[in-house]
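Read on for two forms of one protein chain; each stands alone as structure tokens, with the labels structure 1 and structure 2.
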Structure 1
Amino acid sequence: MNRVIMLIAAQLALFVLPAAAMAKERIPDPAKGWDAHFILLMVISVFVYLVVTIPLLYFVIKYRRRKGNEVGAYIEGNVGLEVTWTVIPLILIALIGVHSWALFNDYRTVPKDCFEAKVIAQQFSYEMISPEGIRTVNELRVPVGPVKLNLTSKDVIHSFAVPQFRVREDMVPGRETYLWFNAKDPGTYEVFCSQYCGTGHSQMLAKVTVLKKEDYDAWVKQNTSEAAASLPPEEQGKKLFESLGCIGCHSVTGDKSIGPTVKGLFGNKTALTDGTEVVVDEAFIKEKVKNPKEKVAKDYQLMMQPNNVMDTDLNAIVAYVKTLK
């Protein structure tokens, strides 16, 4: 019995104490936390597998039936063994629980002075809004360091996932969720929607571009300067077309997409679901942006959401569409 107690004490020292240390010294990076958790589960799984499989193979060979009428010995039980295989799994479960709780706290506790941006999802694109108010579509630019993203959706449930940062969070209509990650190294990281959200789900791709602090400041200055505001109407329209997420459903190259392509659309007739045809002019485009439920194009589903766009911005969008011949 003393040997059993010593074995239990050794297991406690081996597993519970390191787990407590992990809980006290939390990992300040979700990616490192998830990787450490995966390794922990892998080590435990291999340990349990070996503890069970090696004796199993040994007993199968040693105590196999050698004669046809041979009867095995009757064994009622072993208290020490039963206590051991009950206590050790409890210790392993406690270890996983402590480590999981520490990781959960890391994942939900946002560091102070965190760069904070907003991401709005809609079928089938992301609108990114920087702290400076710069709007982009399907590309989020951030400086090196911890980044918090406030997430929401315009239509259905989406899920913002960046595998390289080991983060994923649902984006729910009418509700704001969040996630954070540590963007330590400059580079480009892929973004996926990990929640099936409709026919264009596989095309809902984006990227996070991590820049050095000076490069990010230069990008902000370039996109908030008077020069950007004084762009020709068609250039402003192009930026709006992208920032409003229009390009996520309407290609500008003539390729088939979720919605009709806008290349060569202006000035031509288009068929509607009610069997009529209309000429795509300035009035049609403006009405379609503000009230997409009216005059739906034939062979396409109604997915577009109303946009409260100012008249000056509408004029710029029309000017841009006119150039796509």
Structure 2
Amino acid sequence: MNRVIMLIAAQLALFVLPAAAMAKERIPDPAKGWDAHFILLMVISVFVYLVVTIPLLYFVIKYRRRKGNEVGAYIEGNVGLEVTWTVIPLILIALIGVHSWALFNDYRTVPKDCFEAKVIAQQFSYEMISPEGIRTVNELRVPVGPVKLNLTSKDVIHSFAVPQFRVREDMVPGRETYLWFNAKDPGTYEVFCSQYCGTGHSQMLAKVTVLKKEDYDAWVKQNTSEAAASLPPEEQGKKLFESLGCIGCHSVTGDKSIGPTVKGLFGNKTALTDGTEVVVDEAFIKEKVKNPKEKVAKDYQLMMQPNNVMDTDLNAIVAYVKTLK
């Protein structure tokens, strides 16, 4: 009981004085905290379930209707029992609440000197921007250690969920939300969109790649903007195709996705919803990027929004699409 009171006091202090939380030196791991909280919840849940179902079954067997037991005993109630089954659940709930509150503070209190990246969602892909300004799509690269993500969305509400770090937060257009996790081990971790965002919702997947510090630095060096600018146009186009999110709906592998694949598209005829055919050339691609509402491909629904892309970037994208034969 003393521990509970101390925990409550500590949590109150944390809540009232955020500075106190910031002063903590240890970097917590909310994912571990979640696992502990889960065990607490499961123990209480199973206990409560048995406390309900065992008497239920016992009474149903013992007091079943038979000769000599046609009418139940006349009992109105008992104040002592009512108090008992009000107070005990209250205590259990206080225990769960305080434990949860402590965990929640860990989740929402970002440690000092966190690695900080930005993620922007759109139907149906994520664009990641590293602190160095490197843009990637559907893959977030971070060094080992605590990571804070600033999240927002370009179109509808999405969500950034990383189950292995036991964390998620919605990505709301016009707002910046955040989450943080403690990436202790190098490896690849799945990312899901968990806020319903449309037809491609279940395909809105990504990954977090946690790298050793030196590997991360090497990756940054390779991809700094000076290095990227010297790339040939089709390489730049590839990066743009990914970073602008085109790849979220248009595969480069020939697979059917939310939109048509761009593999083998250039220079060939393609059928449109209005029954006509069109030859995919440079002008057509540029027009479609800027104004996708016209000339929708046959068997597809219009999902795409108009994009304002610079002409130099458009040329690079066309150069890239040309290479996908």
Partner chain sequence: MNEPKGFKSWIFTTDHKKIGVMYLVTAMIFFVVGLLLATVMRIENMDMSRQVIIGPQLYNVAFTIHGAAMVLFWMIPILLGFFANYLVPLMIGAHDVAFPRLNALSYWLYVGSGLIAVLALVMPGRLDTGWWAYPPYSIKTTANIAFYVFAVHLLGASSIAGAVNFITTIVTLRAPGMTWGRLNLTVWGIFGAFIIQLVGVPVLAAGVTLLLFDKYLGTSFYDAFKGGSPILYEHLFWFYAHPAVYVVALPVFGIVSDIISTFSQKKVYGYTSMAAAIMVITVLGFETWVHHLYVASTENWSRVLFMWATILIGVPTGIKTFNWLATLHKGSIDLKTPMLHALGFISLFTIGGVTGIANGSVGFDIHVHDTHWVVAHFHYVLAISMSMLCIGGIYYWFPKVTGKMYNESLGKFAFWLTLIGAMIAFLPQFHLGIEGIPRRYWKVPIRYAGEMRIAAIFSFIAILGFLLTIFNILKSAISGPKAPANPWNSKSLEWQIPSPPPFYNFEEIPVITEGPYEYGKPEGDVKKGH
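Counting starts at 1 with the first residue of structure 1 and goes up one by one along its sequence. Think of the rigid core as the biggest set of C-alphas that the two forms share within 1.5 Å after superposition. Because the structure is predicted, anything quoted here is derived from the model rather than measured.
Only structure 1 matches the form predicted on its own. With the core superposed, A297 shows a C-alpha displacement of at least 2 Å between structure 1 and structure 2. In a rigid-core overlay of the protein, F59 has its C-alpha displaced by at least 2 Å between structure 1 and structure 2. When two forms of a protein are overlaid on their rigid core, residues whose CA moves 2 Å or more are considered shifted, and G174 is not one of them between structure 1 and structure 2. Here the rigid core is superposed, and L265 then shows its C-alpha moved by 3.3 angstrom between structure 1 and structure 2. Fit the two forms on the rigid core and the C-alpha of G72 turns out 8.6 Å off between structure 1 and structure 2.
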